[in-house]
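Only one chain is given next, in structure tokens, and it is the form predicted alone.
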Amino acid sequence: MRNITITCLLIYVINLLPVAAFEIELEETFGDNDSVSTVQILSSTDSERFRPVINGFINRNPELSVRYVTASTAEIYTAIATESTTFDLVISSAMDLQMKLANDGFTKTVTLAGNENVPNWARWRSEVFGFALEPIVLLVSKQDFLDLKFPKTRRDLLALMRNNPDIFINRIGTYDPKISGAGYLFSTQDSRQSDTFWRLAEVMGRLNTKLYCCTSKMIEAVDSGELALAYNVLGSYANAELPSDSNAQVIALEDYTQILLRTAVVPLASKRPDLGTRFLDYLISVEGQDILDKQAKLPALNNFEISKLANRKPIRLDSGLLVFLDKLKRSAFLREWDAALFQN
């Protein structure tokens, strides 16, 4: 009999070795209690989003179960890079941290049966594999824009915030790049795209912007009207979680929309890399991509809607992602961020 076992939220988990303690958000086990083997997956993607894919995999592999552990992108990187945890597959929206794991020798080279399903731009060597796209968008509260035009560009957004401080004071949200690996990636890539980012950061600082760990919290705050807008939100989460009559409106800014890749790696420390590879093969298969796109609402690599976005700017999966992970560059970026956001 299949079951789902949910452990507690925000706990410290010991993963096989006593020294491997790291903070997780949720742990679930899918499949038969009497399964022959269990695929151990560590992921930053919410289990609710990923559930259809896991169920599809188990339907194809009924002899297996899946242990699915969710954690922040930063915790995931730390768990693999410093704690020798033994997961079979690691999934993250922080492309740069996944690249660093591979570059620093913490991932295995794998051969996928469906290798041709992953285009060259969605892989790095045979270690980091993209399997889903993710637009980074603006989320606004409709009730606060009854008398305002929705911004089309970041310049429009700047003008709105400057001209309407009474609406936006204490009511803007964005990722905290100090605690969120994905948030750090979005911010640093923004800074590479345009100088407008730092002007945005300064205005957001004057308006006492609130910093968040994750997209789901920002979605809730905009939908409830607590926030008037949230900048750099995962578009697929917003589209999947918001009902048609929601107060929140998703906006893909037309000057550019960053597109990240959700990526997967098989850790070097995995005890069953064959199982991690088997799950990854399912992710990139025609069936897996179809489930991701239609049921999990995580845009597949060939998603048509994303291909139509104006000025989409894919974040390239290459060694350039490592630039801002240099300790000196990271420190300098965060100092500049602090100066913009926390003004005296």
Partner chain sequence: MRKPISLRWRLLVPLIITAIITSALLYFTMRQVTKQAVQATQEALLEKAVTSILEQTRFTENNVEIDLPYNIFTMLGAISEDKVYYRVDLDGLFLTGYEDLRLKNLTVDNEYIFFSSTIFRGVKLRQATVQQLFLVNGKSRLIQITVAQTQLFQEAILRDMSRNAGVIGISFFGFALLVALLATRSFLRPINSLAGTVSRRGAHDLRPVKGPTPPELMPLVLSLNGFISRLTGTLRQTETFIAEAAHHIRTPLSLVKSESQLALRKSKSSENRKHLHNIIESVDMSIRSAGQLLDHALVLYRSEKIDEKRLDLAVVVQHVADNLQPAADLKDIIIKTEIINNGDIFVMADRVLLEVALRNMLDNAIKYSNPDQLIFVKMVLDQNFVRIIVLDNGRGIKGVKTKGIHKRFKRGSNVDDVIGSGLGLAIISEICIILGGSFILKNNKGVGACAILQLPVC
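Please read all numbers here as calculations on a predicted model, not as lab measurements. Positions refer to the first chain, counted from 1.
Beyond the structure shown, there is the form predicted in complex with the partner chain, which is absent from this document and is the topic of what follows.
- In short, of 110-118, 185-193, 201-209, 150-158 it is 185-193 that has heavy atoms within 4.5 Å of the partner chain in the model of the complex.
- Contact check for Asp144: every heavy atom lies farther than 4.5 Å from the partner chain in the model of the complex.
- The partner chain is not shown here, and in the model of the complex it never comes within 4.5 Å of any heavy atom of Asn311.
- Heavy atoms of Arg171 never reach within 4.5 Å of the partner chain in the model of the complex, leaving it off the interface.
- Interface residue remark: Ser319 is counted as part of the site for the partner chain in the model of the complex, having a heavy atom within 4.5 Å.
- Residue Asn103 is the only one of Thr257, Asn103, Gln249, Thr86 with a heavy atom lying within 4.5 Å of the partner chain in the model of the complex.
- Residues from 118-142 that approach the partner chain in the model of the complex with a non-hydrogen atom closer than or equal to 4.5 Å are Arg123, Trp124, Arg125, Glu127, in the order they occur in the chain.
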